[in-house]
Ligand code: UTP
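The form predicted alone is given below as one chain in C-alpha cells.
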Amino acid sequence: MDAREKLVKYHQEQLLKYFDELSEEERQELLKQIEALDFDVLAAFSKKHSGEETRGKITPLSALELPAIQARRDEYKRAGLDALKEGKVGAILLAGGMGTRLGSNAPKGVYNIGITRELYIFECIINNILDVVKETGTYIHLFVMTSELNDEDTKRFFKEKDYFNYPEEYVTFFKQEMAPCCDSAGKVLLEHKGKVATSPNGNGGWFLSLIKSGVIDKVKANGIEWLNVFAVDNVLQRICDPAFVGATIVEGKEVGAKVVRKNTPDERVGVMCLEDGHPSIVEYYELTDAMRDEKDEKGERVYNFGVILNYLFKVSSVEKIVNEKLPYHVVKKKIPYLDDKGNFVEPEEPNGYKFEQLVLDMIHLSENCLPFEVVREREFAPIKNKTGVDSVESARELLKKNGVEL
C-alpha cells in the first residue's frame, strides 16, 4: 500500500494539504514518512474515547526481599555468572531522551555530572557494565536505543569518547520507532508542511523498535536469551547484575524487575502488583488511600516496592507478547502543529494525543515476574531534575557515598 492509499484507508488525507507547495525532495520525504508510520495506533484513540480502556482488579504481588536473596545469593550468583559467561545476556539502554530539564539541548546521556573531573551519565553506565565484565571476563552486548532527536549526536559522542574503553563491536545503536500524533478529533497533525507530527512510541516500544531496525537479528545471532532493559537516567544501577539474572532464571520467571522499598507510602513511583492475576505495575496516582495503607500479616505495607525501570526479559517470551500486539496508551500532551491556515503553533496547554507502548503491558502480558529487591542507596540515583529530588545534586551525593570520584 502506497502513502496515498494509506491516507485514504485511515481518513487522514489532510496530511497532503500542502503537498503542491513542497519541493520534489520534500514530497518524497513526506511520502516516505507516511509509508513508514503505523496508523493502526489510531484505534487506541477510538478505544479511549469509547470508554473501553480500563484496568483490571489490582492485588498485591510479593517481592523477593533482601534477606531471602542474601540466603541464596551464592546459588543465584552462580547461575547468573554462568549465563553471562555463555553470552546469553545482553543489555538494552533506553536513551532516546534529551537533557531539557537539566538545561541542556543535548542527549541526556552526554550530561556531565562531574565536579572536579568530567563524568558523563553515559560514562557512569559503561563503568557499571565494566564491573560485571571484570567479574565474568566476558563482554556484554549493549544495544543503545536512540531517537530521531538524538541519534546522530549520541553516536558521535560515543565515538569521540572512544566508547569509554568499551569495545565498539559490542555496542549497537538503533532508533526508537515513532508514532503519529493526533488532535481531539483523531486527525493526525502536521509538524510543518512536509512533516507529520510524531513522538517516540513509549518505553515499551523498545522490542518493536529492535525488530523494525533489524537489530533483533544480531541478538539472535549472538545467542542472547535474556535482555536487561534499563533507563539512561539512573547512574547507580547495576546492569546485568549476576545475582538478579540468576534469581530470575533459578526461580523460573519470564521477567525480573528490580525494586526498592518506597521512602514514603505516597512516593511517586510505580509499584509491582497483580492485575487480574497477572503481574503488572500500578502507578502511584492509581493507588487509593486504602491500597497505600493495606498491610500483610507482618504489618508491612503490601504496595511497598517501587520499580526503578530495570527489567530482565526472556527474549522468546517477549517475542510472543509483541506478536500478540502490545497495546498503545493514549496520552494528552502539548504538540506543536500547523493550524488550518498553515501557521506553526506552539501550544501552552495540551492540545492533542500521543501514542505510547508501556513496559507495564509487557510485564502484564507475561506469565510471571520476579520483583527483586535492591538497596536503593546503592542502586537508585535517578537524574530527572537539575536540583532537588531525583536531581543531579542528589545523584552526586549518592555516587560519593558509593565511592565514585566526582
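Throughout, rigid core stands for the largest set of C-alpha atoms superposing within 1.5 Å between the two forms. One-based numbering along the sequence shown. Source: prediction; values computed, not measured.
What comes next is about the form predicted together with this ligand, which is not displayed.
- Contact here is defined as any heavy atom lying within 4.5 Å of this ligand in the model of the complex, and by that definition each of Thr100, Met145 and Asn203 is a contact residue.
- In short, of 134-142, 91-99, 265-273, 110-118 it is 91-99 that has heavy atoms within 4.5 Å of this ligand in the model of the complex.
- Taking Ala243, Ala231, Ile335, Leu190 one by one, only a single residue has any non-hydrogen atom within 4.5 Å of this ligand in the model of the complex, and it is Ala231.
- Checked against this ligand in the model of the complex, the residues Leu309, Leu236, Val219, Val196 give one hit for a heavy atom within 4.5 Å, which is Leu309.
- Taking non-hydrogen atoms only, Lys17 never approaches this ligand to within 4.5 angstroms in the model of the complex.
- Interface residue remark: Lys384 is counted as part of the site for this ligand in the model of the complex, having a heavy atom within 4.5 Å.
- A residue is said to contact a partner when one of its heavy atoms sits within 4.5 Å of a partner heavy atom; Gln176 meets this definition for this ligand in the model of the complex.
- For Glu356, a C-alpha deviation of 2 angstroms or more is recorded between this form and the one not shown after rigid-core alignment.
- Relative to the superposed core, Arg72 undergoes a C-alpha shift smaller than 2 Å between this form and the one not shown.
- Taking the rigid core as fixed, one finds a CA shift for Thr100 of 2 Å or more between this form and the one not shown.
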